[in-house]
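One chain comes next, on its own, written as C-alpha coordinates: the form predicted alone.
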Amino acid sequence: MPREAEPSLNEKQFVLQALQENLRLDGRELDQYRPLDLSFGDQYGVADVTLGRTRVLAKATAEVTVPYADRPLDGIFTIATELSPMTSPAFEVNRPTETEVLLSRLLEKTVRRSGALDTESLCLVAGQKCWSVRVDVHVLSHDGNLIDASCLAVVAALRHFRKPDTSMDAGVLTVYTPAEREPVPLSWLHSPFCVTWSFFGDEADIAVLDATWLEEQVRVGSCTISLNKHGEICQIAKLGGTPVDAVALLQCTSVALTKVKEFSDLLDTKLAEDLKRRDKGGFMAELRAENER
(Lines give C-alpha, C1' and ligand atoms only; values in the text may rest on other atoms or scores of the structure.)
Protein backbone atom coordinates (compact mmCIF):
# COMPACT_ATOMS: atom_id res chain seq x y z
CA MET A 1 0.00 0.00 0.00
CA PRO A 2 1.41 3.44 -0.94
CA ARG A 3 2.36 5.74 1.91
CA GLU A 4 2.18 9.48 2.25
CA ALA A 5 5.57 11.20 2.24
CA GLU A 6 6.41 12.03 5.85
CA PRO A 7 7.75 15.45 6.83
CA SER A 8 11.50 15.69 7.36
CA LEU A 9 13.08 15.96 10.82
CA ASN A 10 13.71 19.65 10.25
CA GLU A 11 10.03 20.25 9.41
CA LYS A 12 8.89 18.35 12.52
CA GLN A 13 11.25 20.24 14.81
CA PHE A 14 10.24 23.55 13.23
CA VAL A 15 6.52 22.87 13.79
CA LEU A 16 7.09 21.72 17.38
CA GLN A 17 9.29 24.67 18.28
CA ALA A 18 6.77 27.10 16.80
CA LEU A 19 3.94 25.52 18.82
CA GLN A 20 6.00 25.75 22.01
CA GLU A 21 6.18 29.49 21.34
CA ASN A 22 2.37 29.61 20.71
CA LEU A 23 2.90 30.10 16.99
CA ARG A 24 1.38 28.24 14.04
CA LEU A 25 2.62 28.19 10.46
CA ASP A 26 -0.59 29.80 9.14
CA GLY A 27 -0.69 32.50 11.82
CA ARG A 28 -3.74 31.13 13.70
CA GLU A 29 -4.22 30.94 17.45
CA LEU A 30 -3.92 27.46 18.99
CA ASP A 31 -7.69 27.26 19.50
CA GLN A 32 -8.73 28.81 16.18
CA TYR A 33 -10.29 27.09 13.17
CA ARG A 34 -9.25 27.74 9.59
CA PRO A 35 -11.71 29.73 7.40
CA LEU A 36 -14.89 27.64 7.24
CA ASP A 37 -17.37 27.77 4.37
CA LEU A 38 -20.61 25.83 3.88
CA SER A 39 -22.69 25.79 0.70
CA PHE A 40 -25.64 23.77 -0.55
CA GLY A 41 -26.24 22.36 -4.02
CA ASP A 42 -29.25 22.96 -6.26
CA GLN A 43 -30.51 19.52 -5.27
CA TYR A 44 -31.80 18.92 -1.74
CA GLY A 45 -29.38 17.07 0.54
CA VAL A 46 -26.06 18.16 -1.02
CA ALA A 47 -23.65 19.99 1.31
CA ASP A 48 -20.15 21.19 0.47
CA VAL A 49 -17.85 22.06 3.39
CA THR A 50 -14.49 23.79 2.96
CA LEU A 51 -12.18 24.03 5.97
CA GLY A 52 -8.96 25.70 4.88
CA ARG A 53 -7.72 23.43 2.09
CA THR A 54 -9.77 20.46 3.31
CA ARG A 55 -12.96 19.98 1.30
CA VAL A 56 -15.75 17.46 1.89
CA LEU A 57 -18.95 16.86 -0.08
CA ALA A 58 -21.89 15.00 1.49
CA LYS A 59 -25.00 13.85 -0.37
CA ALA A 60 -28.14 12.44 1.26
CA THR A 61 -30.52 10.13 -0.62
CA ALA A 62 -33.59 8.09 0.32
CA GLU A 63 -35.36 5.06 -1.09
CA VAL A 64 -38.21 2.80 0.02
CA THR A 65 -37.02 -0.60 1.26
CA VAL A 66 -37.82 -3.39 3.74
CA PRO A 67 -36.88 -2.71 7.41
CA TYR A 68 -34.58 -4.99 9.39
CA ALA A 69 -36.38 -8.00 10.91
CA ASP A 70 -35.24 -7.12 14.45
CA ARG A 71 -36.35 -3.47 14.04
CA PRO A 72 -39.70 -3.59 12.21
CA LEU A 73 -40.78 -0.13 13.39
CA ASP A 74 -37.55 1.70 12.45
CA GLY A 75 -36.26 3.00 9.16
CA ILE A 76 -32.68 2.50 7.98
CA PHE A 77 -29.95 5.13 8.23
CA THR A 78 -26.40 4.58 6.96
CA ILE A 79 -23.30 6.71 6.39
CA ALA A 80 -20.79 5.73 3.69
CA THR A 81 -17.35 7.36 3.41
CA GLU A 82 -15.10 7.44 0.38
CA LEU A 83 -11.47 8.55 0.27
CA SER A 84 -10.29 8.28 -3.31
CA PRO A 85 -6.69 8.26 -4.64
CA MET A 86 -7.46 11.70 -6.07
CA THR A 87 -7.42 13.01 -2.49
CA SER A 88 -4.08 11.48 -1.52
CA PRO A 89 -1.75 8.81 -2.96
CA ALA A 90 -2.04 6.96 0.37
CA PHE A 91 -5.69 6.05 -0.38
CA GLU A 92 -6.70 3.20 -2.67
CA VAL A 93 -10.07 2.18 -4.11
CA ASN A 94 -11.81 -0.63 -2.16
CA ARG A 95 -8.93 -0.80 0.36
CA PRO A 96 -9.98 1.20 3.42
CA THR A 97 -7.09 2.75 5.31
CA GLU A 98 -7.02 3.33 9.06
CA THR A 99 -7.98 6.97 8.44
CA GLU A 100 -11.11 5.96 6.52
CA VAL A 101 -12.17 3.35 9.09
CA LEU A 102 -11.77 5.81 11.99
CA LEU A 103 -13.64 8.51 10.09
CA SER A 104 -16.51 6.14 9.33
CA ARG A 105 -16.76 4.90 12.95
CA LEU A 106 -16.66 8.39 14.47
CA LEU A 107 -19.39 9.64 12.12
CA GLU A 108 -21.51 6.58 12.97
CA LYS A 109 -21.12 7.18 16.72
CA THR A 110 -21.68 10.92 16.49
CA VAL A 111 -24.67 11.10 14.14
CA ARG A 112 -26.36 7.69 13.96
CA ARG A 113 -25.91 6.25 17.46
CA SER A 114 -26.63 9.56 19.22
CA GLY A 115 -30.16 9.45 17.80
CA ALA A 116 -29.84 12.72 15.90
CA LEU A 117 -32.18 11.38 13.22
CA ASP A 118 -35.52 9.94 14.39
CA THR A 119 -35.47 6.57 12.61
CA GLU A 120 -38.98 5.68 13.80
CA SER A 121 -40.35 8.50 11.63
CA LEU A 122 -38.86 6.71 8.58
CA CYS A 123 -41.21 3.73 9.03
CA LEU A 124 -44.00 3.57 6.43
CA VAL A 125 -45.63 0.15 6.99
CA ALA A 126 -44.53 -1.72 10.13
CA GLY A 127 -42.33 -4.66 9.19
CA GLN A 128 -42.93 -4.18 5.45
CA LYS A 129 -41.80 -0.81 4.12
CA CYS A 130 -39.62 2.01 5.38
CA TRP A 131 -37.34 4.78 4.15
CA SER A 132 -33.65 3.97 3.85
CA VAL A 133 -31.68 7.20 4.23
CA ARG A 134 -28.06 7.09 3.12
CA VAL A 135 -25.39 9.79 3.31
CA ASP A 136 -22.36 9.46 1.04
CA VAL A 137 -19.29 11.40 2.21
CA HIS A 138 -16.77 12.23 -0.52
CA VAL A 139 -13.44 13.76 0.51
CA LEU A 140 -12.37 16.05 -2.34
CA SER A 141 -9.26 17.53 -0.73
CA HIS A 142 -7.37 16.43 2.39
CA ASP A 143 -5.30 18.91 4.39
CA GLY A 144 -6.04 17.71 7.90
CA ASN A 145 -9.05 17.51 10.26
CA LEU A 146 -11.27 15.38 8.04
CA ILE A 147 -13.46 14.37 10.99
CA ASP A 148 -14.78 17.85 11.87
CA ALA A 149 -15.37 18.83 8.24
CA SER A 150 -17.08 15.50 7.43
CA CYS A 151 -19.35 15.65 10.48
CA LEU A 152 -20.48 19.18 9.62
CA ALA A 153 -21.11 18.10 6.01
CA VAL A 154 -23.20 15.07 7.09
CA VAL A 155 -25.35 17.07 9.54
CA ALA A 156 -25.82 19.88 7.00
CA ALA A 157 -26.80 17.43 4.23
CA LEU A 158 -29.37 15.68 6.45
CA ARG A 159 -30.93 18.91 7.67
CA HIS A 160 -31.09 20.25 4.13
CA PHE A 161 -32.51 17.02 2.67
CA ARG A 162 -36.18 16.59 1.72
CA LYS A 163 -37.74 13.18 1.13
CA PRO A 164 -40.82 12.59 -1.07
CA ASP A 165 -44.17 12.85 0.68
CA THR A 166 -46.19 9.64 1.11
CA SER A 167 -49.74 8.59 1.95
CA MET A 168 -51.44 5.32 2.92
CA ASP A 169 -54.90 4.55 1.53
CA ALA A 170 -56.61 1.16 1.97
CA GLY A 171 -53.26 -0.54 2.57
CA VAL A 172 -51.71 0.96 -0.58
CA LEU A 173 -48.63 3.14 -0.14
CA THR A 174 -48.31 6.11 -2.50
CA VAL A 175 -45.02 7.99 -2.95
CA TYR A 176 -45.57 11.43 -4.50
CA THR A 177 -43.22 13.15 -6.92
CA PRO A 178 -42.07 16.73 -6.18
CA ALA A 179 -44.51 17.91 -8.87
CA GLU A 180 -47.44 16.37 -6.97
CA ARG A 181 -46.52 17.28 -3.41
CA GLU A 182 -43.74 19.30 -1.88
CA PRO A 183 -41.03 17.05 -0.36
CA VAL A 184 -40.85 16.99 3.45
CA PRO A 185 -37.79 17.39 5.72
CA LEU A 186 -36.49 14.60 7.94
CA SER A 187 -37.50 14.39 11.60
CA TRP A 188 -34.36 15.83 13.21
CA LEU A 189 -33.84 15.76 16.99
CA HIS A 190 -30.49 17.47 17.64
CA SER A 191 -27.36 18.54 15.74
CA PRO A 192 -24.12 16.96 17.00
CA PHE A 193 -20.75 18.22 15.76
CA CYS A 194 -17.19 16.95 16.14
CA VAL A 195 -14.34 19.04 17.54
CA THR A 196 -10.89 17.45 17.23
CA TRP A 197 -7.93 18.44 19.40
CA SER A 198 -4.33 17.48 18.62
CA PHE A 199 -1.68 17.21 21.35
CA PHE A 200 2.01 18.00 21.00
CA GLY A 201 5.10 17.75 23.18
CA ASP A 202 6.54 14.90 25.22
CA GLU A 203 3.90 15.40 27.94
CA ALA A 204 1.08 16.20 25.46
CA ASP A 205 0.80 19.58 27.19
CA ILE A 206 0.17 21.63 24.01
CA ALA A 207 -3.44 21.35 22.75
CA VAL A 208 -4.16 22.55 19.21
CA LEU A 209 -7.51 22.86 17.46
CA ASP A 210 -8.10 22.03 13.78
CA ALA A 211 -4.66 20.65 12.92
CA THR A 212 -3.42 20.77 9.34
CA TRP A 213 -2.08 17.64 7.63
CA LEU A 214 1.51 18.62 8.53
CA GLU A 215 0.57 19.16 12.18
CA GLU A 216 -1.31 15.83 12.26
CA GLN A 217 1.85 14.01 11.21
CA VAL A 218 3.79 15.56 14.10
CA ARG A 219 1.25 15.23 16.94
CA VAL A 220 1.62 12.67 19.73
CA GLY A 221 -2.12 12.15 20.25
CA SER A 222 -5.58 13.41 19.40
CA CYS A 223 -9.04 13.57 20.96
CA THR A 224 -12.37 14.00 19.16
CA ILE A 225 -15.25 15.38 21.23
CA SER A 226 -18.77 15.12 19.78
CA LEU A 227 -21.50 17.23 21.34
CA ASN A 228 -24.44 19.48 20.50
CA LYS A 229 -25.07 23.13 21.31
CA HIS A 230 -26.85 22.17 24.56
CA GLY A 231 -23.62 20.70 25.90
CA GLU A 232 -24.81 17.08 25.65
CA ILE A 233 -21.75 14.94 24.87
CA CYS A 234 -22.37 12.15 22.34
CA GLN A 235 -18.92 10.58 22.50
CA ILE A 236 -15.27 11.27 23.30
CA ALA A 237 -12.69 9.37 21.25
CA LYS A 238 -9.13 9.34 22.57
CA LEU A 239 -7.63 6.62 20.40
CA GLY A 240 -4.15 5.78 21.68
CA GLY A 241 -1.26 8.20 21.74
CA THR A 242 0.30 9.94 24.75
CA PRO A 243 -1.97 10.17 27.85
CA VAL A 244 -3.62 13.55 28.42
CA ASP A 245 -4.29 15.19 31.77
CA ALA A 246 -7.97 15.07 32.83
CA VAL A 247 -8.08 18.80 33.63
CA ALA A 248 -6.73 19.62 30.16
CA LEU A 249 -9.44 17.40 28.65
CA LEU A 250 -12.14 19.29 30.58
CA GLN A 251 -10.75 22.60 29.30
CA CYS A 252 -10.81 21.21 25.76
CA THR A 253 -14.46 20.19 26.21
CA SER A 254 -15.36 23.68 27.40
CA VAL A 255 -13.76 25.29 24.31
CA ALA A 256 -15.38 22.62 22.10
CA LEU A 257 -18.84 23.67 23.32
CA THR A 258 -18.15 27.25 22.22
CA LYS A 259 -17.05 26.05 18.78
CA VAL A 260 -20.10 23.78 18.42
CA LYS A 261 -22.41 26.72 19.11
CA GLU A 262 -20.61 28.62 16.33
CA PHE A 263 -21.07 25.64 13.96
CA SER A 264 -24.76 25.44 14.87
CA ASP A 265 -25.30 29.18 14.26
CA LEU A 266 -23.45 28.95 10.92
CA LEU A 267 -25.58 26.00 9.80
CA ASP A 268 -28.85 27.68 10.82
CA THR A 269 -27.83 30.86 8.96
CA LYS A 270 -26.86 28.98 5.80
CA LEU A 271 -30.08 26.93 5.85
CA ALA A 272 -32.15 30.10 6.24
CA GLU A 273 -30.27 31.74 3.34
CA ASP A 274 -30.81 28.68 1.13
CA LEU A 275 -34.52 28.59 1.97
CA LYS A 276 -34.83 32.26 1.12
CA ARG A 277 -32.98 31.70 -2.17
CA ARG A 278 -35.30 28.85 -3.14
CA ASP A 279 -38.44 30.66 -1.99
CA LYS A 280 -38.24 33.62 -4.36
CA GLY A 281 -41.16 32.37 -6.41
CA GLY A 282 -39.66 29.96 -8.91
CA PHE A 283 -40.26 26.24 -9.16
CA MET A 284 -41.31 25.65 -5.53
CA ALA A 285 -43.86 28.47 -5.67
CA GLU A 286 -45.37 26.86 -8.78
CA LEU A 287 -45.60 23.53 -6.97
CA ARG A 288 -47.36 25.15 -4.02
CA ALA A 289 -49.79 26.85 -6.40
CA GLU A 290 -50.52 23.47 -8.01
CA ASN A 291 -51.13 21.88 -4.60
CA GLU A 292 -53.54 24.67 -3.64
CA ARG A 293 -55.49 24.20 -6.87
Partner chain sequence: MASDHLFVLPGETIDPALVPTHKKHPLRLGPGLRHIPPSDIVPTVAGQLITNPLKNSMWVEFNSQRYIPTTGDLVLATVTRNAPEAYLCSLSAYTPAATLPHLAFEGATKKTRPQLAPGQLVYARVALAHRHMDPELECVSAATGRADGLGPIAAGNGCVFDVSLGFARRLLMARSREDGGVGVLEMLAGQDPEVVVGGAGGGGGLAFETAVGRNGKVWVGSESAKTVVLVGRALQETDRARLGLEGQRRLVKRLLREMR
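Quick caveat, the model's predicted, so the values are computed rather than measured. Residue numbers count along the first chain shown, from 1.
There is another form of this protein, the form predicted in complex with the partner chain, and it is not shown here; the text below is about that form.
task: State yes or no: in the model of the complex, is some non-hydrogen atom of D70 no more than 4.5 angstroms from a non-hydrogen atom of the partner chain?
output: No - in the model of the complex, heavy atoms of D70 and the partner chain never come within 4.5 Å of each other.
query: Looking in the model of the complex, any heavy atom of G240 within 4.5 Å of the partner chain?
result: Residue-level check for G240: no, no contact with the partner chain.
message: Contact with the partner chain in the model of the complex for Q13, defined as at least one heavy atom pair within 4.5 Å: yes or no?
response: Judged by the heavy-atom cut-off of 4.5 Å, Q13 is in contact with the partner chain in the model of the complex.
query: Quick one: does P89 come within 4.5 Å of the partner chain in the model of the complex, counting heavy atoms only?
result: Because a heavy atom of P89 falls inside 4.5 Å of the partner chain in the model of the complex, the answer is yes.
- prompt: Looking at 26-34, 260-268, 247-255, 221-229, which lies within 4.5 angstroms of the partner chain in the model of the complex, counting heavy atoms?
  reply: Flagged stretch: 26-34.
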